[in-house]
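Just so you know, structure 1 and structure 2 below are the same protein chain in two forms, each on its own as structure tokens.
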Structure 1
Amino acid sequence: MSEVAATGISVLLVDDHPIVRQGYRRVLESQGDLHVVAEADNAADAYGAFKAHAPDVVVLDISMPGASGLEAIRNIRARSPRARILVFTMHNEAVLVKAAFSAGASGFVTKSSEPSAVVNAIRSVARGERAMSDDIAHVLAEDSLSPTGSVLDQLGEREIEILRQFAGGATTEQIATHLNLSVKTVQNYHYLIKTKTGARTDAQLVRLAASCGLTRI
């Protein structure tokens, strides 16, 4: 860590908005110990940039067009398990946070955070620690009744199938017919899936399903 302080921390910035990247770059560079060595504007390029520059920390917005940011996390971590990834986004849904961590993220910071909190999170992640902003800790705490891992791992096969069809736009009756179940059973699954994933609304469920690749939009 002392050598980290001496060398500084190299950062790969991944965000699809050029001016936002530029702004972050300036904020980070002004810190003295943070150096943006590369940028990427989509999930696909993120891994290439990671390979090429081996940054200490990847700062990435998971709400990007094209492939999900969660995919990018898995992609990078699968091939470089020591990668440190800090998710930096405006979303603060518990399901997303859990999905990001189980995909291999080291930290999760919202854009509502103070700049100082963001740079501190980058330093924490660079040291190998987990980091999250206060608001994220709060939503996780509220949510804190499912200690189990990946969002989809806690779902059974039937639940996943029903989630897929639901997120695809099917009505409860259609799902019941497709699967030869009673409407009541499908309703119960619907409820179960929501509680298991921590989604509070159907919209969050759809977003979750989409971010896990369960459905395409």
Structure 2
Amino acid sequence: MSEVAATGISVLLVDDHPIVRQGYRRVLESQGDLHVVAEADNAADAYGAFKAHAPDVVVLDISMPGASGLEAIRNIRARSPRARILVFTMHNEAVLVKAAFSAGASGFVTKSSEPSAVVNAIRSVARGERAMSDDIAHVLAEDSLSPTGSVLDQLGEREIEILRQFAGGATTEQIATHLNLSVKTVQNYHYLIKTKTGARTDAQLVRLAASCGLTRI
């Protein structure tokens, strides 16, 4: 990935909602210094678009069909450790924010933020800085003051992703396909997640995921 050019910042937009992509393409390109060079609506296509266009900043959602933005972050950063990625999502749960930063995100902004917050975050991330919307900074501050934290703090970002998909109704085989893992590996992760969280049943896992904002029931 090249340094940010003097002519502007190239952006890859990743979101499974075309209307969201269209709206923010207009917002970004109205700035003059931000140029959307590609779009994608899933993690696999995001990785392909990153390889093809080498954008200065990737702006992506966490929630997408199949593999989530967390997996996209992992794959992109594995290819390019210096990749600059801004998460732009409706989610503001501390566990997901921390998982995104752990996976390699450079910033995290919620969709409830003003468009100017997204624009400023992209510029900050392009400069190599960390960026967060005000609500995310508040969420992380509150989380840091919690004496116990979340039980999901014990899980790595890959485990968080598998739990998210499992709680959302995906089968072991589907998760294996989404994440390019063997069924046996997914089963092993499933066992480790139960062990780390203390969940005895799959129903308890789903309730735990819902309580932490990973899914809705």
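Residues are numbered by position in structure 1's sequence, first residue being 1. Between two forms, the rigid core is the largest collection of C-alphas that superpose within 1.5 Å. As the structure is a computational prediction, the values presented were derived from the model and not from experiment.
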Go through 1 and 2 and tell me the one that is the form predicted together with the DNA. 1
Taking the rigid core as the reference frame, tell me whether Leu179 has a CA displacement of 2 angstroms or more between structures 1 and 2. yes
Can a Cα shift of no less than 2 Å be assigned to Arg200 between structures 1 and 2, given superposition on the rigid core? yes
His53 C-alpha relocation of at least 2 Å between structures 1 and 2, rigid core basis: no
Tyr189: how far does its C-alpha move between structures 1 and 2, core aligned, in angstrom? 16.9
